[in-house]
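The data below hold one chain only, encoded as structure tokens and taken in the form predicted alone.
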């Protein structure tokens, strides 16, 4: 029997569509990998996950990336990530990984993908929670590097390399401000031609017009964050009509970017839901912000007065927004219905 709202919402079956694999690294794992690989942290390891703003967060994120130096390191991270997710009721995820810095330093993309698959396969066997991967372009490296590295990914697909079937789409993260997303159009065209799904971080720190470019020029099928959509009523109407998903991360927005989002109470998420947008709920970088998906569901329910039936609908909306096939979606919807009925009865 659930003992609290947090327990109930942790048990509720959920999917997650906006979570960065590197951002799931626990502090103990960071410490272990830093020692193993001889990486000197810029601050004491017990203070590493403290920062004041987005710039500070990115410094931490880049250090976390730096300790991942072998196939086995990626496997350890991926395995632990699956276990963390499953313990929070996650039955399916589509997870970002951002290897640009590793590839520029000479690490093999084949080893990264294989390592991630090794760890995730082990975690899936243990928990039953499934994970697919999204190759994330790092905007900070520019469009030519994106083209070059995407070609590496497509070559692995042509060779049917170990673990490559787990990568089902591409995304784009890092700095939004002052970057025209249309410059990445060649990489997105190549991804589409290869049958990969497309998404992109936009509207967290960029205006509504950038979301429109991501949709119309890049061909994105969903938008990560997308908060600034509310600036443009016509764009809101379009996204509602087409039910284009937005993968929103309210608590992470507040913790990582407090200059832009001062509190959960002031976040755009309830207005997005009220407008009819397909706004899903996600953690972004859970270990780095002291979060889990069960905690995020609880935070949102408490902040906006959402009852269990609303949180169940948010869980269903997450399934609708996935890139899973129709049979898998029906199965996940059924699991949510079955367990939520038990939870509602217990409540």
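Only a predicted model underlies this, so the values are computations on that prediction, with no experimental measurement involved. Residue numbers count along the first chain shown, from 1.
Although not depicted, the form predicted together with a small molecule is the subject of the following passage.
A residue is said to contact a partner when one of its heavy atoms sits within 4.5 Å of a partner heavy atom; residue 94 fails this definition for the small molecule in the predicted bound form, lying far away. Contact annotation: residue 222 falls outside 4.5 Å of the small molecule in the predicted bound form, judged by heavy atom distances. The small molecule is not drawn, but in the predicted bound form it has a heavy atom within 4.5 Å of residue 256.
When contacts are judged by a 4.5 Å heavy atom cut-off, residue 174 counts as touching the small molecule in the predicted bound form. Figure note: of the listed segments 315-323, 38-46, 282-290, 296-304, the one touching the small molecule in the predicted bound form, with heavy atoms no more than 4.5 Å away, is 282-290.
The putative spot formed by 235, 237 and 273 is not touched by the small molecule in the predicted bound form; no residue has a non-hydrogen atom within 4.5 angstroms of it.
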